[in-house]
Structures are given as C-alpha cells and as structure tokens.
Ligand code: AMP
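Next up: a single chain in structure tokens, the form predicted on its own.
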C-alpha cells in the first residue's frame, strides 16, 4: 500500500513510525512532515490544511490510504473531501469532528445523552457571561468554543482571573472567532487521564490509556502547553476504572453520535477526570493525542494498518487489538521560551548518541543545509521515549538519554512520571 500521513508533529512521526512496521506498506508519505518523518517516509511540502492540494497529490501518487493526524484539517472536512474522491481516509468526518471543534456542541451532546461531565453554561454575550461569572465560587473554568491550539481553556483560581480570561476571549478577541461563544464550567478536581478508543461508527474498542503533563515547568507550574510529556498506563488506573470509562463514556458517546447522524469513525480521545470512583469528561478530541501517541503506539502490538482498514470497512468487531504490558514514558524537549516566543533554526546535536532502544520522535524540526543536519523548527521540538517493565525503569532510561541531546535553550521537565514511593 501507498500511505499518506497528514501533519508535521511528533504524533505524526510516531504514526509514520508505527505504519512503517506493517508488511502491508510499500510507500510512505508525510505532508508536510519534519526531519524525523523524512528519515522513514517521503516528505511532501503541502500544509496539513491545504485539502485541495493534498487531494490532488493523493490522486497523482495513487495513494491507497490517507491517515489524518491534526484536528484542524479534520474540522475543515478533509475526510469528507478525500472520501468523495474515492480515497480511503482514516479520521473523523467534519460533522463527527465537531465533538472537538465545538465545545458547545460537545457539551450539549453529553448533557442530552447523560454522559458524565462538568456542569456548564455557554454564552455569546459578554455582559451576561460576566454577570454569571461574578456569581460563581472559584476556581472557575473558562473555555472557548472553537479550536484554539491548546490556548482555549483557562482554569481561573480567582474571579478576577476568570473575568480577565473572559475579557481576553470575548472583548479583546485574542482567539478570534474561536471564542465567539464561551463556556463557563464548574471545576472538577482529581487526576486527569487520557482515554483512547477506536470506533468504526458502531463498534468501540479501547486502546491503552495515558497521562500527560500540560504545564511547562516542574511541579505543574507555569503556563499550559500542548503537553510536556506523558506516560502509559496511568498509575492510578485499574481494570474496573477502565471498564467504567468504556461503559459510561466511550460507548454511550459513539452511540449518541450515531443517533445524531454523525457516525464517529477513527480514534476518540476522552480527556477524563478521575476522582476515586467518579469518572467525568473534561473534553473530547477527535484524533490521537500529542504527546500521548508517543507512549501509546509503542505499546501497540497489533498491526496499525489492519486496525485502520477494519475501521474504514466497518469491521472493527472482527479485530483483536493487543498491547504490551510494558510501561512507556515520553519527555518533550522544547525550545527556550516556549510556550511564549522562541527562536528556531538552532542545530540539534546528539540525536545519534542515544541508546538503540530509545525512540526520538520529532515535532518542531527541519533538515538543515546537509541531509544529516537537524534544526529546531517549533516550540515542542522532540519527544524522547523509553519502555521498561516498570515506570521507574522506563523513566530512568529516558532521562539518562535525553541529557545526550543538546540544542541552545533546550528545556524539558525533570519530573515526568516521577512518583513518591
């Protein structure tokens, strides 16, 4: 098969890496890709949201399957467009992807179908939203309705902070049209878990779950990022908890989407809050997560191409999906200044100095003046990943190797998957 993967982050590098292990694959392409995907596929200089150019190239190259990584092209209807041209595509349709691209839609769906989630009210009028926020007890969660590249959620510790977020979103329009509607939500306490499941629109099969670290600095301090690291499986998880998440959240959601005429095919990612026996939805994403993909796919034993084909053909119920019991830990190396302003084009050294069993998934990288020179090209630059029999073992491997990779201003958290015994 000839397969095209759409996207350019570490998630897409991981997907390409996993697909490359399948005996069904003849040629791999990534659009636009990065320096990591360039080593195992052919990069195409096409933006992930340029749907017409992607479609034209897929037809010219006689692509057998397109796998879509990021949320933006999904929300713009890339799957609908490619499938209308007869190109099999893995990902949620535009209507199904609204479970991520519109938090107002997602919340209304959960409330209508009694899927456990935080209480919330949405507003399109700033004065009404402000009045409502002033009556709440902190902490208060303010969410923009649309896609905002991870910047659309503020957990405000005081009412003043909540009002400032509201003003940024609705008056200053810092997120543009993404915050035309805003949700004011109750704060849920507990531990976050990223729960993933495959669906062909009817059948739902769980994957392994993970935990990610959103804050930029150790001890969960500093601003939110796209994710500074992750590990799988969660230390606080149990078979009973996984079963509960499946039965009370994932299966009812897939059924609800079908009922609404939006059959969900692809990967559904539930950001869940776990508090003792309670499991509630914080948000849904319509794709693999980043950085979670980097610790989930290395654990997957079943051929990813076969899973994807089963989903596209509506035959997921015939698949047995297996994962290793090994633990996986991933740590993100970021540019100095991220998630604020940062420099790019900085040479990266030491990529070949890591142990053979260490995986280095590229995100913000590009090839330099020579094919073997790699330069930084984004905020999150690399995810360094290791597997082990225990979290402590995998963690030790990651940190032993990450120190060998160097670039000016490099920053990474030192406490990913660190637990007090």
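Positions refer to the first chain, counted from 1. Note that the coordinates shown come from a computational prediction; the quantities given were computed from them, not determined experimentally.
Keep in mind that the form predicted in complex with ligand AMP is missing from the display, and what follows is about it.
Candidate site formed by 155, 186 and 283: every one of these residues places a non-hydrogen atom within 4.5 angstroms of ligand AMP in the model of the complex.
Note that among 242 to 250, 346 to 354, 82 to 90, 139 to 147, the stretch whose heavy atoms approach ligand AMP to within 4.5 Å in the model of the complex is 139 to 147.
At the 4.5 Å threshold, heavy atoms of residue 168 stay clear of ligand AMP in the model of the complex, well away from it. Heavy atoms of residue 192 reach within 4.5 Å of ligand AMP in the model of the complex, making it an interface residue. Ligand AMP in the model of the complex comes within 4.5 Å of no heavy atom belonging to residue 76. Residue 273 belongs to the set of residues with a heavy atom inside 4.5 Å of ligand AMP in the model of the complex. This chain is drawn without ligand AMP; in the model of the complex, the residue among 130, 255, 214, 94 with a heavy atom within 4.5 Å of it is 214. The contact residue chosen from 118, 321, 159, 309 relative to ligand AMP in the model of the complex is 118, the criterion being a non-hydrogen atom within 4.5 angstroms.
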